[in-house]
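Below you will find one chain, with nothing else, as structure tokens; this is the form predicted alone, and questions on how it binds or moves follow later.
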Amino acid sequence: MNVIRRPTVYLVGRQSVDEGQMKQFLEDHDVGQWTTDTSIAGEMLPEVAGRLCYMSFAKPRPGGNGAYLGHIKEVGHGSVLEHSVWNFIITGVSRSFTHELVRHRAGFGYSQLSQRYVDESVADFVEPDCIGDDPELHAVWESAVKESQEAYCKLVAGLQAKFADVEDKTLRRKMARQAARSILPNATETKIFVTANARSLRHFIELRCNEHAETEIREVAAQMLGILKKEASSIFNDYEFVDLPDGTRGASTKNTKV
């Protein structure tokens, strides 16, 4: 049994701009001279979307993309940020975490590891620091998790024998695992693919990257923010990290509810 104490966030996908089509649009509308000082699609696309609303390509204000998106955040015109999208894979997290994460529906898409198909007899488990740092509490937690996993293995074996008359081996395994998983704890490690737009990510960060959020989701939100501040600073540079008493990080911004 492998115990995990920290999640990992991978940025695996980002948008690109079709420069030919963008140039054609600008020329067709007599604003072919317009340029922006960012080459990052996630920053360029909301600027184009915002300028489209007012056709403000011809006489842009000074300051470039950073100033433009900074003003967008100040005035709360957050709808244009919905055009920026990123793809993440999050691993080393518990089922408790994903139960909370998937409550964020608007602007998010999810694909999660299936316990019906994946054999959890070799599953890892995620232990909270407040338990892992205490030898006595850790012993209680470890014993319960091991007992649960052993029960899962026995149930899978028994159920596969019970469903022996099912000819399809894949179906037989799925029937066994989908019933046996009911014994597994929320601590069972899982993996989830997440797609989200910038506006929804800002909302997620504001709700989950603060001292009131559960520790595990706070750590993931902080990792995602760290990635996004480097990936699209014009959108996320208004957030400042704050060290919290438990050793994790929170984040704050004056541009809330964009």
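Residues carry their position along the shown sequence, with the first being 1. All figures in this text were calculated on a predicted structure; none of them were measured in a lab.
The form predicted in complex with a small molecule is left out here; the points below concern that form.
If the cut-off is 4.5 angstroms on heavy atoms, which of these, Ala106, Cys130, Ala164, Ala151, is the one near the small molecule in the model of the complex? Only one listed residue qualifies here, and that residue is Ala106.
Proximity of Val48 to the small molecule in the model of the complex, heavy atoms at 4.5 Å: Residue-level check for Val48: no, no contact with the small molecule.
Although the partner isn't part of this model, could you tell me whether Lys59 comes within 4.5 Å of the small molecule in the model of the complex, counting any heavy atom of the residue? No, no contact at 4.5 Å.
Answer yes if any heavy atom of His203 is within 4.5 Å of a heavy atom of the small molecule in the model of the complex; otherwise answer no. Within the cut-off, so yes.
State yes or no: in the model of the complex, is some non-hydrogen atom of Arg218 no more than 4.5 angstroms from a non-hydrogen atom of the small molecule? The answer is no: Arg218 has no heavy atom within 4.5 Å of the small molecule.
Report the stretch among 205-213, 50-58, 26-34, 221-229 that approaches the small molecule in the model of the complex to within 4.5 Å, counting heavy atoms only. Going by heavy atoms within 4.5 Å, the stretch is 205-213.
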